[in-house]
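This document opens with one chain alone, in C-alpha cells, the form predicted on its own.
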Amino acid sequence: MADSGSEDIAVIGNTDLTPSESENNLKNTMVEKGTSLLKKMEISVAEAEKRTGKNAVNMQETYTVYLIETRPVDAASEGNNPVPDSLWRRYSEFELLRNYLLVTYPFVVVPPLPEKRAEFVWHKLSADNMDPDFVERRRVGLENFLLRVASHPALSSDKIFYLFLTEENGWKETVFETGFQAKADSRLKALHATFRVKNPDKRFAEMKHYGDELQAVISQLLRVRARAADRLYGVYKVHGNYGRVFSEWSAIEKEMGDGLQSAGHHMDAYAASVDDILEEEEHYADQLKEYLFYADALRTVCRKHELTQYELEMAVQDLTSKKQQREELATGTIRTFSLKGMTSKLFGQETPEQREAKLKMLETQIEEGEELVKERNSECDEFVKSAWVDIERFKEQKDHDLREALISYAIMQISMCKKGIQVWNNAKECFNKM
C-alpha cells in the first residue's frame, strides 16, 4: 500500500501517482485507509444501451454499453442531490478490470461478473445476449459486481478501479501501463503447467475441493429450477385453456353465463401472471449463478497458493542442490551419479584454480539462493495470511447471501401458491352464485 502524502490517503495499484493525480484524488475524496469506497461514493449502473460500430477487424457489430453513475455520499446525505458523474463502459471493459484485479490481488476471492451469455435457461427464455430482459439482468449483475468491489477492504482502494468509475478516456491505457498482462500471461502458463506440490497446505486443498463441490451443487440446483420453470409455465398456461372454455360455455348458458364468464376471467388473469413470476425467479437464479462463478474464483485463489508453494519448494530444492555441489567440489567426492562425475573420471580432475573458481561461483549462487528462499518463504506466509482472511470474509458473505436468497425464494413460492388457491376460491364463489 502506497501512502499519498500526509493526508492518510490509500492508493493501491501497480502504477505511481503523479502530483496532479494525487491532487485529483484528494479533491475527489479518494478512499481513506480501512474505509471502503462505498462509504464515500454512491455507485450505480443506471441503464444499458445498444450501439452499432466497427470492431478491431473493421467489421460492423452491435454491442451493449452500460451507464455508470457516481456521486459523493456526503453531497447526497446533505440533500444537495447533485447531478451524478457518468460514463459508458462495455462488458469487455468490466472483464479487463476484473482480470487486472485477479492478477494484482492473487490472495482475494475476486467478485465474479454476471454471465456473458445466458446459461441454465428454461425453454421459453431467450438465450440471446441482446435480448432486453437478459441485458437488464446483466445490468443488475454488473452493478452488483461494482458494489462488491467497492465494499471490499482491499479492492475498493485500488487506483485503477477508481479510474474505471471516474475516467472514461485513457482508462484502458492506464491499465495496460501497469504491465499486469505480462504477469497474467506468465501466471496463466504456470497455473496450467503440470506441477505437483510436495507439501500442500491441507486447508487450501480442502477449500479447493469445497469449491468444486459448491459449483457442482449449484449447477445441479439451477438445472432443477429450469426444469421446474418449464413445468410451472405449462401449468399456468393450461389455466388459460380453462378461461377459454368457461368463456365459450358462458355464451350458451342464460342463467349460469355470468358465473362462468367471471370464473374464466380469473383463470385468464392467473395464466397471464406466470410471466412476471418466472421473471422474478430469474433474479433468484442470478443470485445463485453469482456463487456458481464465485466458486471458480475461490478455486483460483487455492491454485495461486499452490503456485506460491511450488515456487518456494523449487527454490529450496535448487538451494539444496547447490549446497551439495559445493560439498562435493570441496571434498572431491561425488555422492550421486551425474554427468559431471563421469566427465571427471574420463578426462581427469579439475585443476585447483578451476575448482576454486567454481567454489566461488557456487558460494555466490548459494547466497542468492538463500535470499530467494527467504523471499519465497515470506511471500508464501504473507499469501496464506492474507488469503485466509479474505476466504473467511467470503464465507461469511456467502452464508448470509445464500440464506437470504433461499428464504426469499421460498417466500415467493408460498405467495405464488396462495395466489393459486385464491384464484380457485374466487372461481368457487362464481360457481356458487350460478
Partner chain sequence: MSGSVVDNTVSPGNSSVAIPTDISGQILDLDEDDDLEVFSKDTTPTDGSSFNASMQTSPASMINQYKFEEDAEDTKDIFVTVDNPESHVTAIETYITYRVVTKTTRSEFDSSEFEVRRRYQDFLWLKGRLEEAHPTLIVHPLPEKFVVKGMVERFNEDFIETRRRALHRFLNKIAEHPIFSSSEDFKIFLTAPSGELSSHKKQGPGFLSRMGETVKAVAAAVRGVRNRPLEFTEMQEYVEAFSQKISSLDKVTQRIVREQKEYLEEVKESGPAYALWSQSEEELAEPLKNVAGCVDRCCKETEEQVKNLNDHLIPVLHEYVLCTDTLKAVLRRRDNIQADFEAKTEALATKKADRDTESKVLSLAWDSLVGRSPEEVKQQKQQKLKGEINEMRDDLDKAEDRLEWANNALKSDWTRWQKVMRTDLRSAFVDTAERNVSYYEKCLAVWESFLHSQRTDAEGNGNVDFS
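Residue numbers count along the first chain shown, from 1. Since the structure is predicted, the reported quantities are computational estimates derived from the model, not experimental observations.
If you look for the form predicted in complex with its partner chain, you will not find it shown, but the lines that follow are about it.
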Q: Quick one: from S321, T331, T351, Q220, grab the residue that has a heavy atom within 4.5 Å of its partner chain in the predicted complex.
A: Q220
Q: Go through Y310, W88, Y105, Y242 and name the one with a heavy atom inside 4.5 Å of its partner chain in the predicted complex.
A: Y242
Q | Stretch in contact in the predicted complex with its partner chain, which is absent here, among 232-240, 136-144, 159-167, 321-329 (heavy atoms within 4.5 Å) | A | 232-240
Q: Find out whether any non-hydrogen atom of E404 is located within 4.5 angstroms of its partner chain in the predicted complex, and reply yes or no.
A: yes
**Q.** Exercise: D399 in contact with its partner chain in the predicted complex, heavy atom 4.5 Å
**A.** yes
**Q.** A228: touches its partner chain in the predicted complex, heavy atom cutoff 4.5 angstroms
**A.** yes
Q: Answer with yes or no whether E363 is in contact with its partner chain in the predicted complex, where contact means some heavy atom within 4.5 Å.
A: no
Q | Joint contact, F176, G179 and M314 to its partner chain in the predicted complex, by non-hydrogen atom at 4.5 Å | A | no
(Q) Within 4.5 Å of its partner chain in the predicted complex, counting any non-hydrogen atom, which residues from 278-294 show up? (A) Y284, L288
